[in-house]
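Below you will find one chain, with nothing else, as structure tokens; this is the form predicted alone, and questions on how it binds or moves follow later.
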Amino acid sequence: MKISFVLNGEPVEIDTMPHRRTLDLLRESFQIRSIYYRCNNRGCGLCLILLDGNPMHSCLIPAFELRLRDIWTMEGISARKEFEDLVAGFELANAKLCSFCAPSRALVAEALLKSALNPDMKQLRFTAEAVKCSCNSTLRIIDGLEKAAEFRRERLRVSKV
């Protein structure tokens, strides 16, 4: 089955089995190394991608669901100017992320900041807990998200209400 979609801002097309996992498709056919396989049941969050702007578990998405969709991975968002807000926020909060969780945390943080420039505590906690990793405390991740939101508002010159 031929499937066309946009991957990190670039239109792509691939001939693949319709029920192939998106995680496998991206890692094997497009050399996307920022997504990891661990639990296969949405438990860890290490396989997250942004699908049409929403964080989704690539281990559970069959390839046929990618048709005409927009997919972003760490490889794509790290090349965008907005990524600097995330890096600066986490650095200022002293939230040094490990190589396993950093890509997924960046994706959920980006999704949060696209939907809410002034996230409330419920949104911050949900985002911080979306990826299961013990390299940092939830409070440090929340602090990093708050600081990233401040950098994003400043860059866009939007005041906090």
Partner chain sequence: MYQKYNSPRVFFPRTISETLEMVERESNAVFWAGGTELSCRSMRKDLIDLPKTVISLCLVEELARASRSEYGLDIGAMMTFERLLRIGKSTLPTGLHETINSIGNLPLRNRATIGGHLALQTRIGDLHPLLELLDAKIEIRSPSRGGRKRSQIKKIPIMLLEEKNLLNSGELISKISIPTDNWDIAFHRRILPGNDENKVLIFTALASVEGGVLSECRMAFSDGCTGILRDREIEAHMTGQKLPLGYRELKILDEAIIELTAPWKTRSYDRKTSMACARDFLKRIEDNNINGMIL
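Keep in mind it's a predicted model, so treat the numbers as computed, not measured. Numbering follows the first chain given and starts at 1.
The same protein also has a form predicted in complex with the partner chain, omitted here; what follows describes it.
Enquirer: Look at the candidate spot formed by I35, A88 and R153 and say whether the partner chain comes within 4.5 Å of a heavy atom in all three of them in the predicted bound form.
Expert: No, because I35, A88 and R153 lack any heavy atom that approaches the partner chain to within 4.5 Å in the predicted bound form.
Enquirer: Does E129 make contact with the partner chain in the predicted bound form, using a 4.5 Å heavy atom cut-off?
Expert: Yes, E129 lies within 4.5 Å of the partner chain in the predicted bound form.
Enquirer: May I ask you to state whether K114 is within 4.5 Å of the partner chain in the predicted bound form, using heavy atom distances?
Expert: So K114 does not count as contacting the partner chain.
Enquirer: With the cut-off set at 4.5 Å between non-hydrogen atoms, does K96 touch the partner chain in the predicted bound form?
Expert: The answer is no: K96 has no heavy atom within 4.5 Å of the partner chain.
Enquirer: Looking in the predicted bound form, any heavy atom of K147 within 4.5 Å of the partner chain?
Expert: No - in the predicted bound form, heavy atoms of K147 and the partner chain never come within 4.5 Å of each other.
Enquirer: Which of the residues spanning 62 to 86 lie within 4.5 Å of the partner chain in the predicted bound form, based on heavy atoms?
Expert: P62, F64, E65, R67, in sequence order.
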